[in-house]
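The data below hold one chain only, encoded as structure tokens and taken in the form predicted alone.
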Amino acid sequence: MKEKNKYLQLEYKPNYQEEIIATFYGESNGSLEELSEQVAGESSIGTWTKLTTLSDEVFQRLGARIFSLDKKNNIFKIAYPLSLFEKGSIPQLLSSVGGNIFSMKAVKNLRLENIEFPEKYIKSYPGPYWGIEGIRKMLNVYDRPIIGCIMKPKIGLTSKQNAQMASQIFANGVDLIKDDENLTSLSFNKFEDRVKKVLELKKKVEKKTNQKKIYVFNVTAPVSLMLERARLVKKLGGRCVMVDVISVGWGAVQELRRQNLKLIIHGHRAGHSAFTRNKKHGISMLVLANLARLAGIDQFHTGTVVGKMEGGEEEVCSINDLLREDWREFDQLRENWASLKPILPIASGGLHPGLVPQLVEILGQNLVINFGGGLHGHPQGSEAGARAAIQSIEAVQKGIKIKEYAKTHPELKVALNYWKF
């Protein structure tokens, strides 16, 4: 390749309205310059050797450009012409900027830290159907976190037991209940049977309490079966389905949204840490949040900071900000997401009532707080666990210290003592 066709062009000024910008962390046995060149080539129009089929004109029009190189922190940024990407296709996007590059021998460590999109690319996706405002309107809950519950044990309840427990928890104030990530359709808890039984009892609770409730049915499956299950939920009067986005793949998530079933799509991230947890290699959770909003997820698991799952305060807050806001600020760009509705973040994993004040202080009110073991593990049972969870939210809303509030709320007091808080 001629010298003029090098991918490394540090004098280049990217066009943020016509290019996708990817930020990478990289380590290799060679120089950062050499590594970034190989990444830029492999993720755009190049390969391991000079090509007689690649003209100067095509290189200048479609070649990626490395415009920033931070040797101290091993960070480089690449600008990709928008013409390299099929609009509205997350699979094609990831095949480019998150594909072969991780397999190159030159790579010791490589992490896709962030992707910035032009407005015209963002607009090629539908985004969430409901978003934050729609979910809150459906529940008629506006001034506090949405209180969620995960069915426990993860697997083991029959469909009848599942429905009865959901009914009891709904009756004790919880807004949203969800299947766990590995509960789909099993011999002792068939999907269709569960949906019918849960929705029948949910309607009775709603009529009795005059409060709307949401049950989240896990439709994770091969695409045709996933869509069949989602349509069943819709037909029987359900309002929400959950999909394990990593397990089914982004193409399947996009297809679920494309069906326009007007169901809330609840995104679970099971398996993400296989490639997000290593801070030097893989793809960041921030990138997944970008993709979730493009794909049309309405509410998405992002981390708890104070619970059992990995993810620090700075990371989780930055992800939640991305999901909830219309604009993202960069050095040379205000990235416009206003064409896509914002996503409701979900805090889930290792939460119990005692952690709620700290959780809300860190993550704010605009989220779903999901209790699993921290509700069902209450010594007095799941119903008492539900009341304790509600009481913890009440304490925060009223500005009362949680231990003080527990003095007059026995379920909360038992929960705090049990989890030694």
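This one's a predicted model, so the numbers in the text were calculated from it and none came from an experiment. Don't overthink the numbering: it's just position in the shown sequence, from 1.
Heads up, the form predicted together with a further copy of the same chain isn't pictured, but that's what we're talking about next.
- Here the chain stands by itself, but in the predicted bound form one stretch of 205-213, 150-158, 292-300, 67-75, 150-158, has heavy atoms within 4.5 Å of a further copy of the same chain.
- The three marked residues, 42, 244 and 255, each reach a further copy of the same chain in the predicted bound form, with a heavy atom inside 4.5 Å.
- Contact between residue 364 and a further copy of the same chain in the predicted bound form is not found at the 4.5 Å heavy atom cutoff.
- Proximity of residue 352 to a further copy of the same chain in the predicted bound form: non-hydrogen atoms within 4.5 Å are present.
- Contact check for residue 164: every heavy atom lies farther than 4.5 Å from a further copy of the same chain in the predicted bound form.
- Using a 4.5 angstroms limit between non-hydrogen atoms, residue 421 is distant from a further copy of the same chain in the predicted bound form.
- Think of it this way: in the predicted bound form, a further copy of the same chain has a heavy atom of just one of 47, 358, 60, 31 within 4.5 Å, and the residue is 47.
- Taking 136, 272, 197, 123 one by one, only a single residue has any non-hydrogen atom within 4.5 Å of a further copy of the same chain in the predicted bound form, and it is 272.
- Residues from 87-106 that approach a further copy of the same chain in the predicted bound form with a non-hydrogen atom closer than or equal to 4.5 Å are 88, 89, 91, 92, 94, 95, 96, 98, 99, 100, 102, 103, 104, 105, in the order they occur in the chain.
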